[in-house]
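Only one chain comes next, encoded as structure tokens, the form predicted alone.
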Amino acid sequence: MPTMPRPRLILGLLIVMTLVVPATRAAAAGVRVSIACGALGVELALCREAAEEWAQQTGNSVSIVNTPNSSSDRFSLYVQLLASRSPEIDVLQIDVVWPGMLGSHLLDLGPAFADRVPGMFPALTDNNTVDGRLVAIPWYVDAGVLYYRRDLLEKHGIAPPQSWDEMTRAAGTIQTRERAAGQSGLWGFVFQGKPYEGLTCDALEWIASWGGGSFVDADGDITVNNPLAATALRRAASWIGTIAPRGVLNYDEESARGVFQTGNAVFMRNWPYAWALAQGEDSPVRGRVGVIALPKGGPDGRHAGTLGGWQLAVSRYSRHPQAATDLVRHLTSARIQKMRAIRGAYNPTIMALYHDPEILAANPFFEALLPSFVEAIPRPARQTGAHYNQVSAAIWRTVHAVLSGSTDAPEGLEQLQQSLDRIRHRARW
């Protein structure tokens, strides 16, 4: 990772956006630890509450730093801070695809978490191990899922779809009938179509569900240019302007949720966090939503959700590494993960919690979709290492061009193959 000068503008923004969590009177003898939390849905509020509890218990204090919702923007901020060896953030919330890119700047948390690792999803701890060092602790796991308006499907006598073809037909049928009945703003399907990391996740699900691979296979070979991948992208492109608004080409997770939760979409692809918000007291669709695994592609397809989720890591440049590590232990504990699952629908990374009655009462789909989380499709981050962001950017640019109609699927995939070949040649992965 190239060395960069300390970015004054970004550090200034960090200071402005810092929210100080008070501790007890004993804090005078403690230290202040800063943590960068996400702010998607209720995430920031839950992070602040749990961090405040730790501060009160330990006599330390916590500064919570707001970071961009866009994972790409957040990664850029982290790269600049860590490359300049800035101590401004002690604990970083990092995406599942970042350990390989940021690992050299992160502490080895293996010794401090040796007692907890056996109870976590092995795929996540393996993902977070870089050169034998556990550089991040899984906080919550994600996989893409399909939300649907249970009331509308029941009204029109349609079963929850098991394939993309079934979903397309159901979305079109319900959209047409409901618009004729007066709901002119209803759309059939919304998803993440904006050119960013979220579109890479969606595209991986479409292509993998049709049996078209995962762009780059486990051995590092580029496999994206194949007929099944083209079929998947053609199907996705057919949604634009028919069952999905053209505006979906600029939707991220929250944009899609906003349309679905206001009652203006039949189906939505999103992460599990949207469940708690859809079920909120002020939600127009409360009690009318179902969640299932994402549909299969063709006859030989599979249910394929992209592996997502976020981890907590400690910067090597932290002034208080022991306190920061202790904060991570608190935030990733079974009790805090249970609280987050019940109140925010954040999927725990501790496997035993999927049998907890209180968690299942709040999130009845957790148990049924557990295989989706266990068998989720990883993005090609481990194979491509520090060059994953370049790979992902090439993917989402190509897919966005296909969705927008500026190129067709076969031509786009051929160009993507060439782009990935050039990246691999330079990177020598």
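Start at 1 and count along the sequence shown; that's the residue number. Owing to the predicted nature of the structure, the values given are computational and were not obtained by experimental measurement.
Heads up, the form predicted in complex with ligand GLC isn't pictured, but that's what we're talking about next.
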Tell me which stretch of 355-363, 229-237, 90-98, 256-264 has a heavy atom within 4.5 angstroms of ligand GLC in the model of the complex.
90-98
Looking in the model of the complex, is ligand GLC within 4.5 Å of a heavy atom from each of 209, 301 and 375?
no
Examine residue 400 and determine whether its closest non-hydrogen atom to ligand GLC in the model of the complex is within 4.5 angstroms.
no
So in the model of the complex, does any heavy atom of residue 309 sit within 4.5 Å of ligand GLC?
yes
How about residue 78: is it within 4.5 Å of ligand GLC in the model of the complex, going by heavy atoms?
no
At 4.5 Å between heavy atoms, is residue 193 in contact with ligand GLC in the model of the complex?
no
Report the residue, out of 148, 164, 251, 271, that has at least one non-hydrogen atom within 4.5 angstroms of ligand GLC in the model of the complex.
271
So ligand GLC isn't shown here. In the model of the complex, which residue out of 328, 201, 244, 109 has a non-hydrogen atom within 4.5 Å of it?
201
Can you name the residues of 370-391 that have a non-hydrogen atom within 4.5 angstroms of ligand GLC in the model of the complex?
379
